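Consider the single chain below, provided in structure tokens and representing the form predicted on its own.
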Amino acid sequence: MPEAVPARNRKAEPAARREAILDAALTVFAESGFEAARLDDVAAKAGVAKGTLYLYFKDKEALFEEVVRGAASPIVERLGALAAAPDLPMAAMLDAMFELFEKEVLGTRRKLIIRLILAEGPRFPRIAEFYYRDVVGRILPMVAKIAQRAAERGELPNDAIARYPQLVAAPLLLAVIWDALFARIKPLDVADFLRAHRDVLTARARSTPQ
């Protein structure tokens, strides 16, 4: 008589299957784009029947959104922890944010999601709207809040970053684009590039010679 499967293993199986589907979906979306991606291909790569996908996700758009949400949530949570540290100097915050990006985004498959949003967002506004709402729209206010505190403490030459937190995001997007297009031609020293950008953002205005 076969042994009974422990309850914790029975609970783990659906979770593991769901993770396999999400991992396969990221690959298929990255390779094919949102429009051309087929749920049959996702199911095949995940090793499940196509019908199994619908037990977890109602359609391709819901699957895509969960791929993005699952990849972004840990990053947003870590940035939230930085924003909750009121005494963290602006330069230290930028160092921590840039290091997080380099290791957890550019150094992982999360960068594929950003590439996909850049490529597909103009053609599928709902994708861009979702990404803004669940990722960009949560991160930028955190950066603005930190920058406003830093400007009030005199750590910044002005309140430009508080007004335009996109100034912090700009080199991160450039790093993703450069990695996709030019890395094999002219590799970018991302760590040094981001340090240089930090110095530009936090540099105090020089006195004008009298």
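Note that the coordinates shown come from a computational prediction; the quantities given were computed from them, not determined experimentally. In case it trips you up, residue 1 is the first one in the sequence shown, and so on. Between two forms, the rigid core is defined as the largest C-alpha subset superposing within 1.5 Å.
One more form of this protein, predicted in complex with a further copy of the same chain, exists but is not displayed; see below.
Here is the short version: of Arg123, Arg109, Lys103, Arg78, the single residue with a heavy atom within 4.5 Å of a further copy of the same chain in the predicted complex is Arg123. Although a further copy of the same chain is omitted here, in the predicted complex all of Gly33, Leu140 and Pro171 have a heavy atom within 4.5 Å of it. Taking non-hydrogen atoms only, Val136 approaches a further copy of the same chain to within 4.5 angstroms in the predicted complex.
Although the partner is absent from this view, Ile117 contacts a further copy of the same chain in the predicted complex, with a non-hydrogen atom inside 4.5 angstroms. Proximity of Leu167 to a further copy of the same chain in the predicted complex: non-hydrogen atoms within 4.5 Å are present. Proximity of Arg163 to a further copy of the same chain in the predicted complex: non-hydrogen atoms within 4.5 Å are present. Along 180-197, a non-hydrogen atom within 4.5 Å of a further copy of the same chain in the predicted complex is carried by Ala180, Leu181, Phe182, Arg184, Ile185, Lys186, Leu188, Asp189, Asp192, Phe193, Ala196, His197, in order along the sequence.
When two forms of a protein are overlaid on their rigid core, residues whose CA moves 2 Å or more are considered shifted, and Leu156 is not one of them between the shown form and the other one. Relative to the displayed conformation, the Cα-Cα distance from Phe182 to Ser32 shrinks by 3 Å or more in the predicted complex. Compared with the form shown here, the C-alpha atoms of Ala36 and Ala183 sit at least 3 Å closer together in the predicted complex.
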